[in-house]
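Have a look below at one chain only, the form predicted alone, in structure tokens format.
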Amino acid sequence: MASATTTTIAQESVPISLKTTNVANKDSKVAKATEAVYDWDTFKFAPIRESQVSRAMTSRYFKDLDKYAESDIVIVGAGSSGLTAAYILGKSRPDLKIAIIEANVAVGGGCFLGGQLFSSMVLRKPADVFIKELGLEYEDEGNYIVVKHAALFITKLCSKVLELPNVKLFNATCVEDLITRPTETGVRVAGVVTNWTLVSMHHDDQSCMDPNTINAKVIISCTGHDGPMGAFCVKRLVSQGLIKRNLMGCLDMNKAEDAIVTKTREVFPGLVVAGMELSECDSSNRMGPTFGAMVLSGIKAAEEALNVFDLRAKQDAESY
């Protein structure tokens, strides 16, 4: 009897509340769209200590830095060509480590707007095949298709890239230089030198901050033709007298898109160039707001990188 009484008293000593935390509100006008709608009077986040947030981010980031300091393929530039190349490579070779370096905070390059300030995205056929594979809807206009917003394409593509387990995007990070190694016939590109973009932009007015490095067997450069980081890898090799620079030609959509795709290649041992950065090598015409060449150049860049990968990997192994 005494034992039962004690138990009863213990139960009665627990405070009883008529409210519990985060009660679902099934009567909400948005309840059909999401289960994450609550009686907001009872809402409360799970508790956390501020240092936990810092550690959650930094521990994973530095783990990625350690993992990808030795990569198989580095892609410079996360525009439409670079992300397409990453997607194809990641799916084709899940055994390879692929690092993407993007100078801006956001990915996409010139692809968030289809052209000027107009949002629709035009792609000439046969680029529609890849758009179908991504699962995007579009309007078929005969020789070309129109995706309703360029941001829809680039965000869909980016999400698929970031889901791949063997790909890491380092954004707000820029390539400041290239790593080279001697070969029997000259030199080859063997990696990239990186820094925080904001640091790199202020080398002239702040004390020098030394960069970081990523070694790789093959580099794919897709940094475009405009802006402070445009055509960076090509310009760097030109500055060393290793390749010749040719300026981009005037706009001619019909010539430009074919040329960009068909000439996507390894322009220097260890460096594959894709997208509009090629115009700095080949005097290719600019194409304006049509994106089929960017997509297919990215696919060809992935193919070209894998075509030379074994040779560059062998050279890399023999250099140590």
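Fair warning: this is a prediction, and the values are worked out from it, not measured in the lab. Note that residue numbering begins at 1 and tracks the sequence as displayed.
The same protein has a further form, the form predicted together with a small molecule, not shown here; the description that follows concerns it.
S.K.: When the small molecule is placed as it is in the predicted complex, which of 144-152, 206-214, 71-79, 119-127 ends up with heavy atoms within 4.5 Å of it?
M.R.: Of the options given, it is 71-79.
S.K.: Counting only non-hydrogen atoms and a 4.5 angstroms cut-off, does residue 101 reach the small molecule in the predicted complex?
M.R.: Close contact exists here: in the predicted complex, residue 101 approaches the small molecule to within 4.5 Å, heavy atoms only.
S.K.: Using heavy atoms and a 4.5 Å limit, would one call residue 189 a contact residue for the small molecule in the predicted complex?
M.R.: Outside the cut-off, so no.
S.K.: Does at least one non-hydrogen atom of residue 232 fall within 4.5 angstroms of the small molecule in the predicted complex?
M.R.: Contact with the small molecule, yes.
S.K.: Is residue 85 part of the interface with the small molecule in the predicted complex - any heavy atom within 4.5 Å?
M.R.: Judged by the heavy-atom cut-off of 4.5 Å, residue 85 is well away from the small molecule in the predicted complex.
S.K.: Counting any non-hydrogen atom inside 4.5 Å, which residue from 93, 181, 160, 225 sits next to the small molecule in the predicted complex?
M.R.: Only one option qualifies, and that one is 225.
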